[in-house]
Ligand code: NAP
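Given next, in structure tokens, is a single chain: the form predicted alone.
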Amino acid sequence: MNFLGKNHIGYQASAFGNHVFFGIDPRNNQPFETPFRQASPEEVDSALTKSQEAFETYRLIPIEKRVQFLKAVSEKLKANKEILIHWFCAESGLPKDRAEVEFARSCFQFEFYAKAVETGYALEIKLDPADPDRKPNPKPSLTKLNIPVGPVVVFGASNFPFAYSTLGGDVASALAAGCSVIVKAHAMHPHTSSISAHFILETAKEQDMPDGILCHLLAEDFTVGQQLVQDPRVKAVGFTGSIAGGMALQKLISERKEPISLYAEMGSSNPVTVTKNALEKRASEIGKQISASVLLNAGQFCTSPGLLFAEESANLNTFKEELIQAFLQSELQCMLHPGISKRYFERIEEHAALVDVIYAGKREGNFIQPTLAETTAANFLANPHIQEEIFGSYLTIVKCSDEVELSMCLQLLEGQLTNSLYAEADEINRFLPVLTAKSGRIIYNGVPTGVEVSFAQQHGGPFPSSLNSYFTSVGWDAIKRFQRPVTFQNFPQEFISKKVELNENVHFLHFLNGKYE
């Protein structure tokens, strides 16, 4: 693998930069042996040029070829699963079963977004036929459909070396939209990302895709990302990470002459609300579900639950004891990187000044157990910072004296990716108005971890959980982030059919005689 340590400028491996960094094994904090060269400003510029040229070709390729390419990527990945799984585990410290799940999801996403294009869903074709006899003015024919916006920059995420990085949904959905993609790889998993890029590019070459359809740039600091998002050739940006990181990118983008969209998924504490009735009837079951969700892969998910609201009762005390026992008996789990564990330890020390820690999880190097804290509703209302995300296995219980106090706490919440509600059926409507106002997905009698890749999924919520709550980073609608609509007026139907070049199973939305059909 002579490409390891180098940048991918389309089909060309490149390593002219002077800045060298190494991947780190989080289990022992030791560097791997391969030096990786950060992309130089000249290499970034070359990638931008190549990406722009590739886009002009790729956007005109028949959609059937685009679909075929996406499906071929999935097959290529499956054929090279072993090496990808190896480096995923080596660079993240995550267990193999997690790698298997995330790998399967990444392969599925390429197939899933191919289907969204193949069926016509992603194009959103709307036909409104002409009526030349309409009085007093003839009516023109109108056909509206989505087209790709241009080269897209995607920032790899630290906590998902597959599903939100080089093999992730942002890359797959941007390619499905018809855009070329430049990936700024995450420095925490450079082997995984580089090998992933190699297999996508190998597939692209086999499928006769244009050189530059994917560029893959390595970087340890912020300079490469800054150069990318401020370049006028870039037309959209996908990002998954912290609020600070997302807002820094937004600031850079706001300095551009031409505004573009930053689709940033940022911080979320994913609150869980448990009613008194639910605790009375199902305390043990709820405790098992929530503790398992907090424990999952050391809580390193954007949907890991970090807050729990409940009314004070004897059942709540029993419930807390169950959580403590589950955390106490859990094995220590490795965090993704020494930088992430350092920040986790800093955050829990800051948080301890505002809350009561009732179980302090063990720590050994980058390995942790969950920590459980509690506070009163009055303290939560007086210190809104308590709700800020702690990335890792950490849960804070907010004790409310009654439902009025509980409602006040929920009203104080900032925007979240998810809100979970454990309640009886006749209690749902009391909570829905505030929960829908605060989040993009609401889970009833379940936990927020586990984001189904579905055409009905919404993964994005009000600020600061994401920058644009109208869009999702998961599901078919994720493709819309990298498209814009165009209407063709008075064009012959043959032109539209040729432009789209889809099969007879494509779905069109017709408007006839004042009605959709």
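Start at 1 with the first residue shown and count on from there. On a predicted model such as this, the values are computed, not experimentally measured, just so you know.
The following text describes the form predicted together with this ligand, which does not appear among the structures shown.
- Remark: all three candidate residues (Leu249, Met266 and Leu417) come within 4.5 Å of this ligand in the predicted complex, counting heavy atoms only.
- Of the stretches 254 to 262, 271 to 279, 350 to 358, 181 to 189, only 181 to 189 has residues with a heavy atom within 4.5 Å of this ligand in the predicted complex.
- Residue contact with this ligand in the predicted complex: Gly287 places no heavy atom within 4.5 Å of it.
- In the predicted complex, this ligand sits within 4.5 Å of a heavy atom belonging to Ser242.
- In the predicted complex, at least one heavy atom of His459 sits within 4.5 Å of this ligand.
- When this ligand is considered in the predicted complex, Asn317 lies well away from it, no heavy atom lying within 4.5 Å.
- Contact annotation: of the candidates Leu77, Leu435, Ala283, Ile340, the single residue with a non-hydrogen atom within 4.5 angstroms of this ligand in the predicted complex is Ile340.
- Proximity to this ligand in the predicted complex, taken as a non-hydrogen atom within 4.5 angstroms, holds for one residue of Glu220, Glu403, Glu111, Glu206, which is Glu220.
- Looking at 385 to 421, the residues that come within 4.5 Å of this ligand in the predicted complex, counting any heavy atom, are Glu389, Phe391, Leu417.
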